[in-house]
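Below sits a lone chain in structure tokens, taken as the form predicted on its own.
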């Protein structure tokens, strides 16, 4: 984390109203960057973007569809950024079963529109395309996936994001290799943190059940994921964006940002930790999945560790403590200022851990 580098940098973020995008806005603002966001309205109420009143931290707040190429081009041209982060997406596996065509259209066409705009924006020196750890062909062999592992996807969300990876590589090779703009394609583990109110997220379900003394139903109790606090990979994205800005040829390409751990926590273990933190007597029940979801997923992030000197700083219990305590205080705070101060204080913890 280099405060001097980010000060007054003009940064364009797609998907800035989402959970991850909101934390990225707050993180960049704390570093002194000038931010413009381009996204649809938040999909949930409550949501982190509105709860922290993040609009006041932006130079411009566009509420447009990423599939509209002309409006996207105009917004980027008007702002003239030097760095772009593309996060806008349909990000739910379960929603992709219910609305497959919209998932493909948003994720694939939306990403292609961003890449086409990057290709034609001379001011850009660095671009980060955010995909997911689910882009890999997962045959449930409990192996760690590195950046060269085969891409695939059982569900439409995973396959649409894998397609985004392939298209991004094609744009990088076909158009951006001769330009000054470096392109990074980033895949992180399952991100947790305060303010994620997205449907069917385990943390959100735990919080709502335990805070209201309701029983919790889990659909995949034994599923494991590379859980990490959202600020850990975001710090990695910023580090990569800086490197691309300075030397795009060496750092362009795909990068994993996941915890280098032998074992990942199971969903039921996370629920039990949350119940303990909330001091809840709610019971936890196990149900059946309606659709297929992978059971085991783990990332090999040795490339990021070796070349970027990045690694997860807050593992399991510490990341869950930060996350669940954010939600506990959410219900206690009387105004947005207290919640903003809490969020900034958590950002400072990560900035100190990831400082250069």
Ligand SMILES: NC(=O)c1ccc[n+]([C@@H]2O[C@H](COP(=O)([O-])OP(=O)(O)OC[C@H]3O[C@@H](n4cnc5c(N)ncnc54)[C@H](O)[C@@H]3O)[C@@H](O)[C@H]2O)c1
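Just so you know, these numbers come straight off a predicted model, no measurement behind them. Positions refer to the first chain, counted from 1.
The form predicted in complex with the ligand exists for this protein as well; it is not shown, and the discussion that follows is about that form.
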* From the list 172, 89, 203, 181, which entry has a heavy atom within 4.5 Å of the ligand in the predicted bound form? -> 89
* Answer with one of 168, 256, 131, 252: the residue that has a non-hydrogen atom within 4.5 Å of the ligand in the predicted bound form. => 131
* Exercise: residue 304 in contact with the ligand in the predicted bound form, heavy atom 4.5 Å -> no
* **Touches the ligand in the predicted bound form: residue 189 (any heavy atom, 4.5 Å)** => yes
* Quick one: does residue 321 come within 4.5 Å of the ligand in the predicted bound form, counting heavy atoms only? -> no
* Quick one: is residue 66 in contact with the ligand in the predicted bound form, heavy atoms, 4.5 Å cut-off? -> yes
* **the ligand in the predicted bound form reached by all of 17, 40 and 157, non-hydrogen atom within 4.5 Å** => yes
* To do: Tell me the stretch among 141-149, 123-131, 268-276, 207-215 that has any heavy atom within 4.5 angstroms of the ligand in the predicted bound form.
  => 123-131
* Taking the ligand in the predicted bound form, which residues along 158-176 bring a heavy atom to within 4.5 Å of it? -> 161
